[in-house]
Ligand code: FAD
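Let's start with one chain on its own, the form predicted alone, as structure tokens.
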């Protein structure tokens, strides 16, 4: 199943207006971690915080609401969140860790839990894993070229970036919006993204993304018992506004379409690489 196993799918957004104000879409990750932190479900969360350069994230261990708020928004370049898990459990002494990641990072997390080589006493301290939808990612130099050379916007002037409706968009501090067709961004993609067969973070406790829901809202898949428990408590406490996913447009049909497109395209890449590897050099 291209959308992975899940217990329920919902259209949702954060009820906290402070969180929603500067979040990428529905503020799901920030709001859910804030709730989990306040309720003692986690002691802290590994998130993509601001780095030394604009839109170049660095992994941080957020142990306060203020630190979670600093990490709001999407940065379309990889942030090595997995590298901070040991730091969270050992240097910070956390016993219940939350972590957010792209599908590939959540896969790495689950592998580490199954085969904890070099991760002794760490895997059992993962209390909540949140995944984000991802079609592709960009090295920072590529992102910089897209923004400055193609969109004609200085990185330090950008306040938000977004991918949707076939376009890559950059929003500036003066309210201007610069857009380019997505087809112009493909040459900047990370090579590893072309062999990934997971669009919706199948192995997360809860995964989320903007695709399928109206602007300002997010699609949410609650996948595991852990996710179901935390999500249910957050809903009961009034931390989210929700709508039936069947009542919104474009709905899960679009999520399914894009998941299928990623899998089909990348499966071809995998097959092409396998065929190339198996070619014999006629001159040997």
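Worth saying up front: this structure is predicted, and the values here are computed from it rather than measured. Numbering follows the first chain given and starts at 1.
Quick note: we don't show the form predicted together with the ligand, though the next part is all about it.
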- Note on the structure: Given 117-125, 141-149, 78-86, 169-177, the stretch touching the ligand in the predicted bound form at heavy atoms within 4.5 Å is 78-86
- Item | Candidate site 129, 224 and 242: all three near the ligand in the predicted bound form by heavy atom within 4.5 Å | no
- Task: Indicate whether the ligand has at least one heavy atom within 4.5 Å of a heavy atom of residue 29 in the predicted bound form.
- Result: yes
- Query: Is there any non-hydrogen atom of residue 47 lying within 4.5 Å of the ligand in the predicted bound form?
  - Reply: yes
- 4.5 Å heavy atom contact, residue 185 to the ligand in the predicted bound form: no
- Query: Is residue 100 close enough to the ligand in the predicted bound form to count, meaning some heavy atom within 4.5 Å?
  - Reply: yes
- Contact with the ligand in the predicted bound form, heavy atom within 4.5 Å, among 153, 94, 134, 203 goes to 134
- Query: Quick one: which residues from 187-214 get a non-hydrogen atom within 4.5 Å of the ligand in the predicted bound form?
  - Reply: 199, 208, 209, 210, 211
